[in-house]
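A lone chain, given as structure tokens: the form predicted on its own.
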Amino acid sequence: MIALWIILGVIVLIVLMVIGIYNSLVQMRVGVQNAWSQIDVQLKRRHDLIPNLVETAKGYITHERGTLEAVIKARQMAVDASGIKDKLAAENMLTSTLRSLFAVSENYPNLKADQTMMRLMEELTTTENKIGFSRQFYNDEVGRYNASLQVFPNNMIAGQFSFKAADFFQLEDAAERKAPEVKF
């Protein structure tokens, strides 16, 4: 009879351990999803600022329609992207086209002095910083989550319940590791 109680106690202990590990993994996965949503919020803010930036620049930049169209196209691609890898590629393209717009705007002193343009550029710079912090937080959450999937006994539970490692938010081009430089 004592052996039966010991076996039942061990089974209950194992079940409680599995439940605890499962709940912990779920909480970490939700943390990763929340961190991604924080990036998404900042990317949305960035996407919302760009049309105003382009409209302001349109009045001054008369010979650079290709640059403005590239920014608009890249923004739309970024808005339409889904999944971390697609969003990363689209955001990298958007950052590149914004750099082109900033470089072109250097040739237009009136544009550089425009108060609306200066305010938009300041907001965009602030947003870029927030995106950077959000990416860092996301990657921290992904690192904790992925590490918890790999340690014993979590790896056994994670495998049984189909927990998958999350992707880090990484930049492919070293030049894109910097925020766009704004000189107005």
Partner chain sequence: MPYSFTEIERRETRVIHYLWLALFFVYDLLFFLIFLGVQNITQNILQYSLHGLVFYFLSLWHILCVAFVSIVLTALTCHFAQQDPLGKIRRIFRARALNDSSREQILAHIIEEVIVACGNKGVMEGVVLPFSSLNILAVSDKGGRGLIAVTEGALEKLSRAQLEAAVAHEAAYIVSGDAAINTTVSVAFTVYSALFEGMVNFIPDLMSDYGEGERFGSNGHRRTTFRGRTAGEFGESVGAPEEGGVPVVPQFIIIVVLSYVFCVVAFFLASIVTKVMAMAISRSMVRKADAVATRMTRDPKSLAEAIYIMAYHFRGSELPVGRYFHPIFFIHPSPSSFDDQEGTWAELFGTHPPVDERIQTLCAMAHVDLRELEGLVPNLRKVVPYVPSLEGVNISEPSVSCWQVLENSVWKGPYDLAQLKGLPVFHPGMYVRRDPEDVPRKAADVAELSAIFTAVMLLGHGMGLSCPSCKRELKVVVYEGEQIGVCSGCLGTLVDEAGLRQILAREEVVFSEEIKVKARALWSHSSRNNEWRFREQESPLGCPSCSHDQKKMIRRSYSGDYPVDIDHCNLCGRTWFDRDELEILQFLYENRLR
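If you're wondering where the values come from, they're calculated on a predicted model, not measured in any experiment. Residue numbers count along the first chain shown, from 1.
Just so it is clear, the following notes concern the form predicted in complex with its partner chain, a form of the same protein that is not shown.
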Exactly one of 27, 33, 150, 136 has a non-hydrogen atom within 4.5 Å of its partner chain in the model of the complex; which residue is it? 136
Have a look at 140, 40, 55, 69 for me and say which one sits with a heavy atom within 4.5 Å of its partner chain in the model of the complex. 140
If you check in the model of the complex, do 113, 122 and 130 all have a non-hydrogen atom within 4.5 Å of its partner chain? yes
Is residue 109 near its partner chain? Define near as a heavy atom within 4.5 Å, in the model of the complex. yes
Contact test in the model of the complex: residue 126 vs its partner chain, heavy atoms, 4.5 Å: yes
